[in-house]
Each structure stands twice: as structure tokens, then as C-alpha cells.
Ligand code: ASP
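Given next, in C-alpha cells, is a single chain: the form predicted alone.
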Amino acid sequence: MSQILIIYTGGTIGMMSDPATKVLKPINFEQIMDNVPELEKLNCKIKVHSFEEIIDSSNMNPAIWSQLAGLIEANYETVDGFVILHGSDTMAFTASALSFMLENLAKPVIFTGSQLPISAIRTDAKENLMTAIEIANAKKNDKARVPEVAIYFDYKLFRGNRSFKYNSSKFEAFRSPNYPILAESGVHLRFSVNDIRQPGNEPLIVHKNLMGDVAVLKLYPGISPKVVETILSSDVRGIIMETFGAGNTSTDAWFIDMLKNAVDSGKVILDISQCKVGTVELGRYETSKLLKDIGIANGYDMTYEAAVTKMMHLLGQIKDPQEVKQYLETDLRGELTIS
């Protein structure tokens, strides 16, 4: 019988309302098990690692991502798949980060959580947890059906580094508009075979070194030179620039000059769009041709979450800004589509 490791970090799925204060408080995994007796019926053995201190996902950070990667590395040879219980607010960041940290991954790493606590009558937690385990356990010809980092929520499985949380009040919390879903749960589990990445035969390589000195420059009409200068002159190596439409920005001389000076000083600037659907096309419009000419990196259709964590990952491995730029524009884990 196969074995699945559940890593319990926290999140709404592991909350219970305090009868006196009505405030949601974290519970331990044994209490979660008490609320889902159906787990005993699954055709797999379940192993559990619970964080000693339950974490609100708002407090997630690169050090915890490295801890998660280390747990996967330590158990990789002895289990068939992983399910990570995580708060939904930053789940897409953690899933994206782990997709880059786990090179040559050949086993499922499925994130899930819930919008309502597992103790609530109308909770979505039970279905999310049960199906996430089924997906992590699913095999065909003795090979994992989903050998990548993914998020399961509300009957859909998304590639982790293609998804983002878009709704805090519906069970349908996540979307992946630039990439198809990997699987859908109904009466049967239906896998989108052609959309799931297939691993090679190389051994797992775990990259735990992440560099957090990344800043974000989100553009808006009327942004002042003072604001732009403050961000571009900050003591960071990488900057995510959220631009308009297909990657467009102002062509004012002061703005382009500031960007060029930042690039010339060794900073890596990645252009992603504020639009949730579509891709950056540097050079398509005059307003983005200048960016391409001065060495701004093209983020194509990466999500904000993937862009931030990919930048952190590459800065932790590579010193040369040009090499970082090259890999930012390269599809490493299915996170972007080169148009």
C-alpha cells in the first residue's frame, strides 16, 4: 500500500471557533482527523508531520519554504506523494516557490486548505482534503498521475506556479487563467494528461537558498519620479515591475532613464502585467520597445506570485544579473508560456 505524507502548517482548515469568544483558533492534526473519519477508508497509509507552531499563512516566508522543501527531501524516497495543508491567502506563493526549489520533481506535492474551518457544518475542508490525498496517491502504470507542485481547491487542480487567490468569500478561491486546470473532481477524477508536466529520470535536486531582497514597482498613471526613484534606488538586487496591458509603461525620459540606470547598476528588473489574463510582449508597442532596448526582462504570462518567488530562487543561486535575466525569461517549471 502506498504512503502519503501530510504536512500540516496551519490555515483555516485547521481552525475551530472558540465557544466563548467566537474567535477562530488553531487546532492540532488529531482534531482534524476526528472531523474526517473517512480518512480511514482511503487506499493508502497516511503519515503526518505537523509544524510545532501552527502558522497563519500571512506569516509565511522563505525560511519556512526552505523548511518545507527540506521535509520533502527527507521523506522523498519513502513516500509516494505529499499533501501540504496551508492557509489559502499565500498558498500560491508557497506553491510557486516550491515548484522552483524542487528540481526534477517526480512525485505529487499537492497543496490544499479551505475557506471554512473543518469543524463548520458547511465546510469545504473535508472534500478538499480527501481529494487532495486521492490525487497525491493516484498512479497509472506505477507512475504518479500529477508529478508536480499543484493546488487543489473546489473540485479543481491547478498548477501551483500558474495560480493565484482571487476570491476570499467563495469556495472557488483560486484561478489559473493562463494555463488549463490539471484535473477536475466530479463523480470521477479526470486528469488533463496533456497539460501535466512529465519528469525525466534525473534525481531530485532541492534548492533551499532563497534571496529575499526583491522590491515591487507597481505603476499607475501619475506616478512621481520620487516614488520610482525610492524603489529603484533601494538596496535590492531584483525588482518586479507591474506594468500596463502587454507590458507597457510611460515613455517619459525621466522614467526610462531611471530604469536604465538601475539596470546598468546591476539590478534585475522583471516586467509582468497587472492584467490577470494575457502576456507581456516587449517591443509590440512603442511604449515597451524602450524597455526591451535597455535590458528589462520579459515576464511573459507569469503570475505575480510566480514572478516574486522565481526571482528569489534565481537570486539565491546566481550572482550575474545577465544570467538571472536569462533564466527569468526561460520556462523552468511550466510557469510561463513563451509567445
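For every residue, the number given is its place in the sequence shown, counted from 1. Just so it is clear, the model here is predicted, and its values are computed rather than measured.
Form predicted in complex with the ligand: not shown, discussed below.
Only one listed stretch (264-272, 111-119, 139-147, 247-255) carries heavy atoms within 4.5 Å of the ligand in the model of the complex, and that stretch is 111-119. In summary, among the residues 185, 88, 123, 178, the only one with a non-hydrogen atom within 4.5 Å of the ligand in the model of the complex is 88. Among 281, 56, 34, 293, the residue placing a heavy atom within 4.5 Å of the ligand in the model of the complex is 56. Looking at residue 165, you'd find a heavy atom of it within 4.5 angstroms of the ligand in the model of the complex.
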